[in-house]
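Only one chain is given next, in structure tokens, and it is the form predicted on its own.
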């Protein structure tokens, strides 16, 4: 895994050296042109509220995701990582919503290109969150000769989202295949994202992540207050730690915020 990450880093650096340097008045680089050519989507405020996309609803709601964004950027930048998976010990922890909000918060930074992919192939959720009924079948993206532009939509200037329309049969075999590895390496080399986020299945009840996590740099674990036990979190951290680097653990769905501090989001 360490060797593969080092090779990906060298490939990214080589791609960055060949990219055309542009100014605000100058022509866009080829990579920038490819990004701008992606079909755009909008996320209306009503949909953002209904789907809990709080990263778009102002500081009162976005602060937890902005803190997560800043910590994620710092740790990944220090380690030279670009690929992060979001998983959970069990189902219904809200990992897909966390993935979407993290991507949206990163996009507001304006300094990064982000690619978000729905790799929970058994139970895809990002298309439902976005109410994106024309989402393609993401399985085709992971085969030779595919183009990201046929499978991605763009939110704003710098966030590409690869949602998924239907569940994929033999998902574990697909994620473990050399075609998937080659496709991800090709996408990273051609599109030069700063961060790739993968919404992946829970660790329990399937083996999808066992093969795939060797192809990422780190993982965030999402636990749900009231439904995920401490034993499940501990076991998940151990399992993920054997496969990749654990970036951190998020406690989601907390009904009672911590009021021990002298200020909260309203302070800002």
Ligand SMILES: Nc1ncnc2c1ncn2[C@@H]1O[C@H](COP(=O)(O)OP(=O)(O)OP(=O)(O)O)[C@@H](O)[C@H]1O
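All values reported here derive from a predicted model rather than from experimental measurement. Numbering follows the first chain given and starts at 1.
There is another form of the same protein, the form predicted in complex with the ligand; it is not shown, and what comes next is about it.
Novice: Considering non-hydrogen atoms and a 4.5 Å limit, does the ligand approach residue 177 in the predicted bound form?
Specialist: Residue-level check for residue 177: no, no contact with the ligand.
Novice: Does residue 116 make contact with the ligand in the predicted bound form, using a 4.5 Å heavy atom cut-off?
Specialist: It does not: once the ligand is placed as it appears in the predicted bound form, residue 116 has no heavy atom within 4.5 Å of it.
Novice: When the contact criterion is heavy atoms within 4.5 Å, does residue 97 count as touching the ligand in the predicted bound form?
Specialist: Flag for residue 97 set to yes.
Novice: How about residue 249: is it within 4.5 Å of the ligand in the predicted bound form, going by heavy atoms?
Specialist: Contact with the ligand, no.
Novice: Is the ligand in the predicted bound form near all of 82, 215 and 242, within 4.5 Å of a heavy atom of each?
Specialist: Not one of the three qualifies.
Novice: Among 156 to 164, 189 to 197, 118 to 126, 139 to 147, mark the stretch whose residues have heavy atoms within 4.5 Å of the ligand in the predicted bound form.
Specialist: The contacting stretch here is 118 to 126.
Novice: From the list 169, 77, 92, 71, which entry has a heavy atom within 4.5 Å of the ligand in the predicted bound form?
Specialist: None of the other options qualify; the answer is 92.
Novice: Using a 4.5 Å cut-off on any heavy atom, which residues of 36 to 52 would contact the ligand in the predicted bound form?
Specialist: Counting only heavy atoms within 4.5 Å of the ligand in the predicted bound form, the single contacting residue of 36 to 52 is 52.
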